[in-house]
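Just one chain is shown here, as structure tokens, and it is the form predicted on its own.
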């Protein structure tokens, strides 16, 4: 079977042709980073406009590069939720138009479900496992019991980790996206600034990063600081919180199998620290290659294929929603 997958949840326009036998046949992604750079963050209207402009040319290029006959597609998979509503609408409309033209079914995919199963593109993971999703819009911990069965354990009560990185980078006038810049600067700095670790000692899986961001802002306002040292201090505080909450989740669930996904999973310090912890404590760790960490259509294709095999298709008049909880989405249309 073959699927064409479409991912437009935020500011990457991505398409993939995927086979359940051969894997990825073709994959294409266009970043909008340069478009949003002057604003220090994603502008929803611009993001939707770019998706509208680029989807058809990208599909044309994908088909030419692969030589794949689009009529061989068995179904269209696309990101239904969560994300920027205007961007989701563009992707869903494109998916519905193709499905109508090709007379093929639609398979909706949850963006976070896609991220979780990005690791399966490299190597299947035994159930059950814990999933830490860290991105620009999400910082969540899930217990994944099987495909479609997700239990939300906890997450950020305010800013997501990736959002915090971008906001701190903007405060230091580093540019956008801020995560990779701070990660690089931190390598040349020392964590000498005393920053808070909000909620780190609480006996729950919830987190908070807005106070940490505020503490960084106060240091910047005082002036006379080194960007490398402040970056290292901020990053260390973030990693301390994430590490504490994951170890707590392992302690309370008894599960020693961890998947870390989302854009921030590409962070070098996160990878180093959790690899070190997994070796020291003896738990199983899975983090996808950095190219699969960011938003991409390969992960939507894989999750879409798993849904289609289970007989999950969407009605033709389905419309995207900005935030359907993953644990609820997993039970829909089943």
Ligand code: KG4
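Positions refer to the first chain, counted from 1. From a predicted model like this one, the values you see are computed outputs, not experimental measurements.
FYI, the form predicted in complex with the ligand isn't displayed, but the following is about it.
- By the 4.5 Å heavy atom rule, the three marked residues 115, 177 and 264 all count as contacting the ligand in the predicted complex.
- The closest non-hydrogen atom of residue 183 lies within 4.5 Å of the ligand in the predicted complex.
- Contact annotation: residue 81 falls outside 4.5 Å of the ligand in the predicted complex, judged by heavy atom distances.
- For the chain shown alone, residue 233 is not a contact residue for the ligand in the predicted complex, no non-hydrogen atom being within 4.5 angstroms.
- The closest non-hydrogen atom of residue 166 lies within 4.5 Å of the ligand in the predicted complex.
- In short, of 69-77, 95-103, 118-126, 134-142 it is 134-142 that has heavy atoms within 4.5 Å of the ligand in the predicted complex.
- When you look in the predicted complex, the only residue of 148, 198, 162, 189 with a non-hydrogen atom within 4.5 Å of the ligand is 162.
- Taking a 4.5 Å heavy atom cutoff to the ligand in the predicted complex, the contacting residues in 288-302 are 293, 294, 295.
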